[in-house]
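What follows is a single chain, given as structure tokens, in the form predicted on its own.
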């Protein structure tokens, strides 16, 4: 990425038909720490890798609660994520006040796409430099997992990863995607941890400080797994215990090299 005469504002097209500021915003998502999402027939699990600016600093927040039935994981600019998460919470409150029902996930994702698209066509604005993974459970239609990007593309997935080195996680998810539908939430979390570990640098390991897990599903409101329960999952990951239905294919023992 480099500066050129066609990237001064969002409304200027290059001769190749490109909007450079949108590409820069997508690059901001790629530079952010990875987030992974998976869904089964009953639950959605979001996992995120948290960064710290230094030894004395706390780790950034990567998971946000939107409503009892919904949460998001982010990759990119955290400040932009806060703006979008506040907008999503407001829309959920409006739905409860006006219609006395939770906001459907598909409707809220559509509103996010509309809000992001406005910033791609008006002079003086810039795209949001953050990608969102939205996990929600609707009583009528079940669990859903969506990806929202700065170019206003919003798609639904069975499993997806965004952020730095996300392709390594996607490769893992594609390999085991056929197993996700029928497994329980614990096995789904373990698959997510294996995928998230693929995005790490070779000298790093997952721990309770740099890893976040959020779960929502049938009979469960959105909650973040932390403390002793998170440590139990990480201990299981380090011991090489494979998730159900795929034991012969999963790495045993130490983490796989990623590049």
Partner chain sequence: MDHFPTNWGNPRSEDVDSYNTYPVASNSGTVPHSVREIAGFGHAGGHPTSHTQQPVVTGTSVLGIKYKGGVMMAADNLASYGSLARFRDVERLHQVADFTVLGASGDMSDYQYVKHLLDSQMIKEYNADDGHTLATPNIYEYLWRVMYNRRSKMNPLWNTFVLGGVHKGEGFLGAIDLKGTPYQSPSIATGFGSHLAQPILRKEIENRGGEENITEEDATQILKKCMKVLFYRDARSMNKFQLATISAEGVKISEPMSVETEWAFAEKIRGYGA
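Positions refer to the first chain, counted from 1. As the structure is a prediction and not an experimental result, all values here were calculated from the model.
Heads up, the form predicted together with the partner chain isn't pictured, but that's what we're talking about next.
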{"query": "Interface membership of residue 120, the partner chain in the predicted bound form, 4.5 Å heavy atom rule", "finding": "no"}
{"query": "Residue 96 within 4.5 Å of the partner chain in the predicted bound form, heavy atoms", "finding": "yes"}
{"query": "Close approach of residue 141 to the partner chain in the predicted bound form, 4.5 Å, heavy atom", "finding": "yes"}
{"query": "Residue 151 within 4.5 Å of the partner chain in the predicted bound form, heavy atoms", "finding": "no"}
{"query": "Interface segment, criterion being heavy atoms within 4.5 Å of the partner chain in the predicted bound form, picked from 69-77, 132-140, 82-90, 169-177", "finding": "132-140"}
{"query": "Stretch 104-123: residues contacting the partner chain in the predicted bound form, 4.5 Å heavy atom cut-off", "finding": "104, 106, 107"}
